[in-house]
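The chain below stands alone and is given as structure tokens, in the form predicted alone.
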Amino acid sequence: MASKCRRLSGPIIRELLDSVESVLFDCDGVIWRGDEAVTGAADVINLLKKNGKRVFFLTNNSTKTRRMYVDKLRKLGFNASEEDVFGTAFCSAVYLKSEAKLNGKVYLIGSNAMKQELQNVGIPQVGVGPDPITGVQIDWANIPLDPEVKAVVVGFDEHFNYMKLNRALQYLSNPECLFVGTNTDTRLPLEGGKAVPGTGCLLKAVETAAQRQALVIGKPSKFMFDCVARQYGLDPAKTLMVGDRLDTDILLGSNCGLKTLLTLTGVSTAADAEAHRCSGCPLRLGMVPDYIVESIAELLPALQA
């Protein structure tokens, strides 16, 4: 483990970039924070592409479609197309269509973006939007269910409430009903050290009520990488994962045999990485990055040379 957690600098940056064909970037905390691009990030992405590297964006955020991501990327100066973007809304739809071969509807605890991505692959859904509660407990246990629903999918839903939790429980009482979660991030960090509850809180509530475990699509699940790798024939040994979270981005890289780079512009710190490195715990060692930079802007000199 001695070679882990190396601070990238000078010739090591060039060496690393020469050793990879593809670079996967998390978005929030890595290339932007909120609605502001990280200084130098657009130049890094655009030069990587110009230098012949394949660049992809992998995000656990399920509230945007690929199209919405491209609009944001371009607005902030990034050279990007829809084919470069792999979010959990899109990857969940891909999983249900291609892997699960779902023939039926989805009960969706999620966003309009998720609804759109499901529609894009021809999967109908019910459930998006508010679901006010009425009646008493016996009514809740006997709510009418759509017989065509064959899967429950849980993503970020600002309208999540007791009735949605109850509906999910009733559908999932059928062991044949698939159960999919977009991601397990429990908190969404905001500017100024603030945070709000993430999708993982909603998913945990549904798992607890249904007494079932969801199949999770997002990082650190290998499916997220497989989604890109299958389509573009990526070689894991020649792929770099760049992220700001040890428990999602870096663990995904470790799970898939990728090189990993932690940037300190987001959630995790160098001290967090070092604590994992010294822990001796196999799971925590999977969260130790190969390399660390303060910001991905540190890659610029090597790309401009």
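We number the residues from 1 along the sequence you see. Treat the numbers as computed from the prediction; the structure is a model and nothing was measured.
We do not show the form predicted together with a further copy of the same chain, though everything after this point is about it.
Spell it out for me: taking a further copy of the same chain in the model of the complex, does every residue among L261, Y291 and A297 have a heavy atom no farther than 4.5 Å from it? Per the other structure, none of L261, Y291 and A297 touch a further copy of the same chain.
Option from 217-225, 99-107, 118-126, 195-203 whose residues, in the model of the complex, bring a heavy atom within 4.5 Å of a further copy of the same chain: Every other range fails; the passing one is 195-203.
Does any heavy atom of Y232 come within 4.5 Å of a heavy atom of a further copy of the same chain in the model of the complex? Looking in the model of the complex, residue contacts with a further copy of the same chain do not include Y232, since no heavy atom lies within 4.5 Å.
Even though the partner isn't displayed, in the model of the complex is F90 close enough to a further copy of the same chain, meaning a heavy atom within 4.5 Å? Although a further copy of the same chain is absent here, F90 would stay clear of it in the model of the complex, with no heavy atoms inside 4.5 Å.
I'd like to check something about R74: if you look in the model of the complex, is any of its heavy atoms closer than or equal to 4.5 Å to a heavy atom of a further copy of the same chain? Result no; R74 lies far from a further copy of the same chain in the model of the complex.
Is E148 close enough to a further copy of the same chain in the model of the complex to count, meaning some heavy atom within 4.5 Å? Taking the distances in the model of the complex, the answer for E148 is no, it never comes within 4.5 Å of a further copy of the same chain.
Just one of F160, Y171, F179, F86 has a heavy atom within 4.5 angstroms of a further copy of the same chain in the model of the complex, so which one? Among F160, Y171, F179, F86, a heavy atom within 4.5 Å of a further copy of the same chain in the model of the complex occurs only for F160.
Determine the residues of 65-96 with a heavy atom within 4.5 Å of a further copy of the same chain in the model of the complex and present them in sequence order; the list may be empty. The stretch 65-96, when checked against a further copy of the same chain in the model of the complex, contributes no residue at the 4.5 Å heavy-atom cut-off.
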